[in-house]
Structure formats: C-alpha cells, structure tokens
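Have a look below at one chain only, the form predicted alone, in structure tokens format.
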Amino acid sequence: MVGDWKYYLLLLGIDMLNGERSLPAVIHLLRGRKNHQVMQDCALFGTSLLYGELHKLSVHQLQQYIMELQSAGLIQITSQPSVFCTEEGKKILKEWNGENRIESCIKAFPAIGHKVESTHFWLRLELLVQTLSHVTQGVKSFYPVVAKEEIREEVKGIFYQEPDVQNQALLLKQEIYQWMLTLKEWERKIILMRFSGKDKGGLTFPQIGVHLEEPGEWVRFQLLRLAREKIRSLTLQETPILYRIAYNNREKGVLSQSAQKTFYLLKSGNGLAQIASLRGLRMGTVEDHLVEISLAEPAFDITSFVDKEKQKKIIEIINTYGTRKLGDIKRLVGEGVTFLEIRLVCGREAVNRGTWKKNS
C-alpha cells in the first residue's frame, strides 16, 4: 500500500467524511457519481478535490482496496453502516499529508463546480497557447494537446474573438509572464513544463514529478489549485485574454446541463413549481438543481427560498452539534423547516466558510 495514491485517496476520503457517511458514499465520491447528494457532500465535507479521482476503477475494485485497508487495521466499518479511520489509519494519513502537502489544494475547491471550472480553464489555456504558438509561426495544421471536442470548439471561439493573432499571442504571453511573477519557482515549473508549442511538447504529470521529485498525482493537484487561484484574481481590464479563457460559457462549466436550464428559468422570474411544470420534472429534481446552483454560484441569494431567521436557526444547530447529517439537523431544528432549506443553508455555509470542525 505504501506509495500507492489509490489507498491514500481512499483513506483521505474516509477520514474527511468523518464516519457520517456510508461505504457506498465513499465509493460514489471517488468514482465521481453524478448525484446531487454526492455533490452536496463534497461541499459539506470539503472533498471536492477527491471527486472522480478514482473513476477508472470499478466498484468491485474499490471495494477490494477498502477491504485491504480494513484488513490492515487502518479503517473500521460499523453496522450503521458507516466507515471511519482508526488511530493507525490517521497516523498513516498524517505522515502521508506531511509528505505530500495537499491541504492548500483541498481548500481551493469548496464545490465540485470549482474543480470543473479550473480543469476547463487549464485545458482551454493549454490549447490556446499551443494554437497561438503554431499559427504565429505560419503552421496551421498540428495535433491538438486536448482531445475533448467541446474544449476545442470553445478555444476556437476565443481564438477568433481577436482578429490580430500576433497581438493576441503577445497579450497572452504578457499575462502569463505577470502570473509567473506571483508564483514560487516550483509552481512556475509545473505550469510552463505543461505547455506545448511549435517544436516543443509539454511534459506529462509524472515527467514533471521526476523534475520536482514529487508524485505525478501531486503535480496535477497543484496545477488545479494554481488554476483556481488564478481564476479568482482575473479581471477583464488587467487580464482580458485569461479572463476570456476562464469565463467563456462559465455556467456551462460549473453547472450540469439540466441545472443550467433551471437556472435560466429562475433568472427569468419563474418559481420552482412553475419550472417543474414547464420542464416536466419532479419537484425534487428542481430542488436538487437549486442546491447545485447555490453551491456553484456564491452570489446566488438563497434568502428568497429560506428566510434569514431560519438560516440563523439552522446555522446555530450546525455550530452547536457539528453534525452534517441532514436527518439529525432536521430533528434538532424542529418543525417548520424543510429539508430543502437545510440543504441550502448547509451548502452555503460550507462554501462560504469552509468545512466545519470535526467532532472529537
């Protein structure tokens, strides 16, 4: 197990869920199940960075790895059923965290949408850099570094917004240069080594890891963190090209396709019941979309769906008892508060404040 990131990511996910979720919840998290409960849990427990990290493994394979962790005495599975790290598991995890320093990466992603947004930002940037490098040197045909057709089409749209290709390349180069000035040397290496251009191929994450004497997985996490931090600092006036790369079809990146449609109808003045009727959806599905929107859009005002007094009451329960089990919060908060209201407040608190302190 030592040195295998699969085990460490499993152990980390189990520890962060803090015994408040079942074994299937851990598996759904790491396999990246497109489920609103999983999405909300990522915000509540701060596990967005881990979402989908082991998507290539089957449920059976993950169960086997979990059983190995249990046999090694690193985790315990209870009859509730829930799963949590043992003291030995926490010790191993502490040593691993000390070696790999990914706390800043975890904190960078309050919700899954932020991870998606950062991933798309980097892919667009990577492809635009490659495109401009070739086109400005008269090469119009090359093999793109990004395979996703959706990303390719988005980069085409960004590329053609600026008629002067040479000027666009110069502006982007200047913006990246200014970005590099704000980073540590090893952070600059991660970004610059990934870029491809004419007569230059970008390095893979493991290859960059060799240069930095770090695991390739660690390098990828750090790149996503750097992308997220840059997105948050962009302005149209100071970094027009990077801003365009980040915010091109932004809602499309952070929200599921169905939630995008619901958000559009909400902004058009429709209520939840109207949206359910117009779209032929169950009310529960529309409520799921509302929670997804509140997690992805910090500026989205939830007050029209849960008044400030109820918000205050729910937050007091959260702070007093430290639980993230919605059923427990509902029981403690009493009548007159719905599960939707609890979900909205819990999600907003997690995104705005970070995850709550674990119970001892």
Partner chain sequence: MEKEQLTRALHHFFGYDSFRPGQWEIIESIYAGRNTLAILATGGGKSLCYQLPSLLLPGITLVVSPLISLMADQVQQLKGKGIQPVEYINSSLSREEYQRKVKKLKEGRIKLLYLSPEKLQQDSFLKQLSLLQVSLFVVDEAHCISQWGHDFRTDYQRLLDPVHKLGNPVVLALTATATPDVRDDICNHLQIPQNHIIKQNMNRINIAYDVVNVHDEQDKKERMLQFLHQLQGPGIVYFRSRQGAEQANELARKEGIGRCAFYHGGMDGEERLLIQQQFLMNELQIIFATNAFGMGIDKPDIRFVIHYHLPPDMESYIQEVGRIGRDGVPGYACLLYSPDDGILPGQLIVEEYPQPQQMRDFLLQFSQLPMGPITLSLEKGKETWGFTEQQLSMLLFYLEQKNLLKGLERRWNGWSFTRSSLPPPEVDELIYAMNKRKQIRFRRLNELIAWVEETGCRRRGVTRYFQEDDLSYVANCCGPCGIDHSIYRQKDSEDGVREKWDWEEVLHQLFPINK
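Positions refer to the first chain, counted from 1. As the structure is a prediction and not an experimental result, all values here were calculated from the model.
Although it is not shown, the form predicted together with the partner chain is what the next lines describe.
Mapping the unseen interface onto this chain, Leu123 counts among the residues with a heavy atom inside 4.5 Å of the partner chain in the model of the complex. Although the partner is absent from this view, Ser104 stays clear of the partner chain in the model of the complex, with no non-hydrogen atom inside 4.5 angstroms. Contact between Glu185 and the partner chain in the model of the complex is found at the 4.5 Å heavy atom cutoff.
Taking non-hydrogen atoms only, Gly202 approaches the partner chain to within 4.5 angstroms in the model of the complex.
Within 4.5 Å of the partner chain in the model of the complex, a heavy atom is found for none of Tyr247, Ser256 and Arg279.
Contact annotation: of the candidates Leu93, Cys85, Val129, Ile231, the single residue with a non-hydrogen atom within 4.5 angstroms of the partner chain in the model of the complex is Val129. When you look in the model of the complex, the only residue of Gln207, Gln161, Thr78, Asn97 with a non-hydrogen atom within 4.5 Å of the partner chain is Gln207.
Stretch 191 to 199 is the contacting one of 70 to 78, 108 to 116, 191 to 199, 265 to 273, since its residues have non-hydrogen atoms within 4.5 Å of the partner chain in the model of the complex. Shown here without the partner chain, the chain has Ala169, Leu170, Leu172, Lys173, Gln174, Ile176, Tyr177, Met180, Leu181 in 169 to 184 lying with a heavy atom within 4.5 Å of that partner in the model of the complex.
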